[in-house]
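This document starts with one chain, in the form predicted alone, laid out as structure tokens.
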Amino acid sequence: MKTVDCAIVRERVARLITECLIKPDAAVTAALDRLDSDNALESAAAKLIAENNRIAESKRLYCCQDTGQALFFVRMGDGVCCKGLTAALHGAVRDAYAGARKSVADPLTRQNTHDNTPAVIETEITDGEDLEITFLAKGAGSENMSRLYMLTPADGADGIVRSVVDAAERGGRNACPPLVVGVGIGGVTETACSLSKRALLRPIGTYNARADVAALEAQLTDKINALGIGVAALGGNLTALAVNIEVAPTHIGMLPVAVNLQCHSLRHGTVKL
């Protein structure tokens, strides 16, 4: 049995959060730098966002004023003991968000928790003695535009395409494009929603290992970009940086499809202990 010190977890994760909030996914900045658009406004907006990202990194400032709600995806081996892990993760959030905007509140009273806790924690138990913790900062502007579609099996791939494009068309302008579109297909409702967020963690420019799913990703990327929403919703070619799909087996009578829109401030990272 491997024992992991929860104090080390808190320190490492707090450091990870801080770095993620300052520096968004480098692939986003690179894609904005490469953009060749016929729309001068889109090109100008892309350059400004890329410049903002570089300034944030160089001056150690937050790349976006909405530092989001903290999400953790924890993969823990069954041979790992980390007493106090949950408390350590919440402690890391308190530490890292001390100087950031406090964005977590009770859903009814709207009373702020004043330290950005509690974080959202999903835990997966695996074989072995590895502990892997992935952080994702989820801002409200893009999260508000996410959707769940409960399709029937008869809707098939065409129904999936219609649903994902519908979500992008309805919410893409308000979600700070260019977007990474996470899609979760299968399982039950919460499975699909979780998969749609986990899909955001896959590197931009990579495809699902299943050929049929990868083909669907490419098709959806083309269709969403054809909407012409563009960078900062100014019109143009780059609405979706990527469409990433994750799938899971589902009931023979269901076809859940969750679509999670992620703004260009894609902030995530992983520590292994």
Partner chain sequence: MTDNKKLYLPTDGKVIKNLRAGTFVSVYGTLYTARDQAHKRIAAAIRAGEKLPFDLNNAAIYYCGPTPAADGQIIGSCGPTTSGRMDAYTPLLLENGLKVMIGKGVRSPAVTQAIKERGAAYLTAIGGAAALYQSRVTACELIAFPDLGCEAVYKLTVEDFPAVVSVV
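Numbering follows the first chain given and starts at 1. Everything numeric here is computed off the predicted structure, so don't read it as measured data.
From this point on, the text means the form predicted in complex with the partner chain, which you will not see here.
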Contact of residue 49 with the partner chain in the predicted complex (heavy atom, 4.5 Å):
yes
Taking the partner chain as it sits in the predicted complex, is residue 30 near enough to touch it, meaning that at least one heavy atom pair lies within 4.5 angstroms?
no
With the partner left out of view, is residue 238 within 4.5 angstroms of the partner chain in the predicted complex by any non-hydrogen atom?
no
Taking the partner chain as it sits in the predicted complex, is residue 62 in contact with it (heavy atom to heavy atom, 4.5 Å or less)?
yes
Tell me, please, which stretch of 220-228, 206-214, 37-45, 240-248 lies within 4.5 angstroms of the partner chain in the predicted complex when heavy atoms are compared?
37-45
The one option of 147, 75, 202, 173 with any heavy atom within 4.5 Å of the partner chain in the predicted complex is 173
For the three residues 101, 232 and 265, verify that every one has a non-hydrogen atom within 4.5 Å of the partner chain in the predicted complex; reply yes or no.
yes
